[in-house]
Ligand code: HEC
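In structure tokens, the next block holds one chain alone, the form predicted on its own.
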Amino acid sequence: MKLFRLLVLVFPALAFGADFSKDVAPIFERACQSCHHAGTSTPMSLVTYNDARPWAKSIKERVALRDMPPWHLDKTVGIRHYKNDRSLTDAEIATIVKWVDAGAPEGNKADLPAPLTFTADNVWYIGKPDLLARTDKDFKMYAKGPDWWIDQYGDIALTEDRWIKAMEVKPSNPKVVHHAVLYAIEPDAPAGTPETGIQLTEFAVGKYGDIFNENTGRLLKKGTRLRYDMHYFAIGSEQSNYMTVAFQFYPKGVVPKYQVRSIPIRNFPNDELEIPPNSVVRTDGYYRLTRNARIDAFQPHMHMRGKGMTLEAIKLDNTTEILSSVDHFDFNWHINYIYADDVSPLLPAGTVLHMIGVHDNTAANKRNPDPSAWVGFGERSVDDMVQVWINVVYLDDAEFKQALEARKPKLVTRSGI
């Protein structure tokens, strides 16, 4: 009886049952409907009871496995608080499971929360953009044949330099786009800057975009031309695609204090990535911070055989600390995990960031196209990669000390517990 009372306190739906109107609809509004509504590429809408009811058993399975909403972090280790956390709590999962097990009742419609409204602005995870820019021309991908890599270009309608607060890239036809990396070709780039530009951001399926911390951004210069490093694949019929990038800016004249950089950590050299048939393989990569740094975001990148990735800090006293760990990576969702302000890692110069990637090339990996194949580094989905993108802000000694001091009164641990 005591155990039952405890469960009731934690999961009230266990005692009173759950229905759609009162219990499930609020969860769907918070965590699901931004993707699952009419007019999106998702296979179903979850806005109304009639939308959701036919999918009840599938919904139960996906949320119980924590496949949906897409959030693949191991919640038992590392940092626990993120700005863009869309995951369900244990209580929310229990509510949905109870609802389905009870026959997925609708309940009293009067208990429904006020419905959300979805407009063209809602298609962007970052929110309403201040500026949209797209490729100059559409690209036609042939119906059959090998993957294709090509550069596409586009101009930006800026009359003055602006500081970026958030940005997000989308293809018009994601069915044929493997990924796109955007480079800014600046009109007055310093000597030594590659003619191909400096990396700005990237699109990979399922990415929520880049949202920068307060008082942190990237400079976008007037006259910049964008280069889209594109990777296409054929799907059996001729398809067209164009790319659009959405920007949110700081107000005109506002210059954020910190400039953020996107840095990849990977194994070197890349061609040493080897994943033999029917095997689980670990790969390591390292990056030494030459300056004091604040880590703002963590984004793993692997392909179909990717299983998990951990980022840890090797400290100056030779101890280690896990920062973040993805334990059920999904190639269909390249999530940029954005740390909450009060727990984003603050690391002194000399700290070594250690990436640990795990690939599963066995039949146990349901996304594995062929467990009998030897796999190495490559651009195609059937090849593989292992790297993690991190958003880094460098701090001088005074700024670093000030950031550490600001954290002390809050007594917040890395995990936020």
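Heads up, when I say rigid core I mean the largest set of C-alphas that superpose within 1.5 Å between the two forms. Numbering starts at 1 and follows the sequence shown. Keep in mind the model is a prediction, meaning the values are calculated, not measured.
Not on display, but discussed next: the form predicted together with heme C.
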Item checked: Stretch in contact, per heavy atom within 4.5 angstroms of heme C in the model of the complex, of 387-395, 370-378, 61-69, 350-358 -> 61-69
Check: Should Cys35 be classed as touching heme C in the model of the complex when contacts are defined as heavy atoms within 4.5 Å?
Finding: yes
Margin query: Taking heme C as it sits in the model of the complex, is Trp333 in contact with it (heavy atom to heavy atom, 4.5 Å or less)?
Written below: yes
Margin query: Considering non-hydrogen atoms and a 4.5 Å limit, does heme C approach Val47 in the model of the complex?
Written below: no
Checklist line | 4.5 angstroms heavy atom contact with heme C in the model of the complex for Arg86 | finding: yes
Notebook entry, point to check: Can all three of Ala184, Gly223 and Phe249 be found with a heavy atom no more than 4.5 Å from heme C in the model of the complex?
Noted result: no
Check: For Pro113, is the CA shift between the shown form and the other one at least 2 Å following rigid-core superposition?
Finding: no
Margin query: Would Pro277 count as moving between the shown form and the other one, using a Cα shift of 2 angstroms or more after superposing the core as the test?
Written below: no
Notebook entry, point to check: Quick one: once the rigid core is lined up, does Pro174 have its C-alpha move by 2 Å or more between the shown form and the other one?
Noted result: yes
Margin query: At a change of 3 Å or more, would you call the C-alpha separation of His178 and Gly357 in the model of the complex closer or farther than in the form supplied?
Written below: farther
Item checked: Outcome for the Cα pair Lys175, Ser372 in the model of the complex, compared with this form (closer or farther; change of 3 Å or more) -> farther
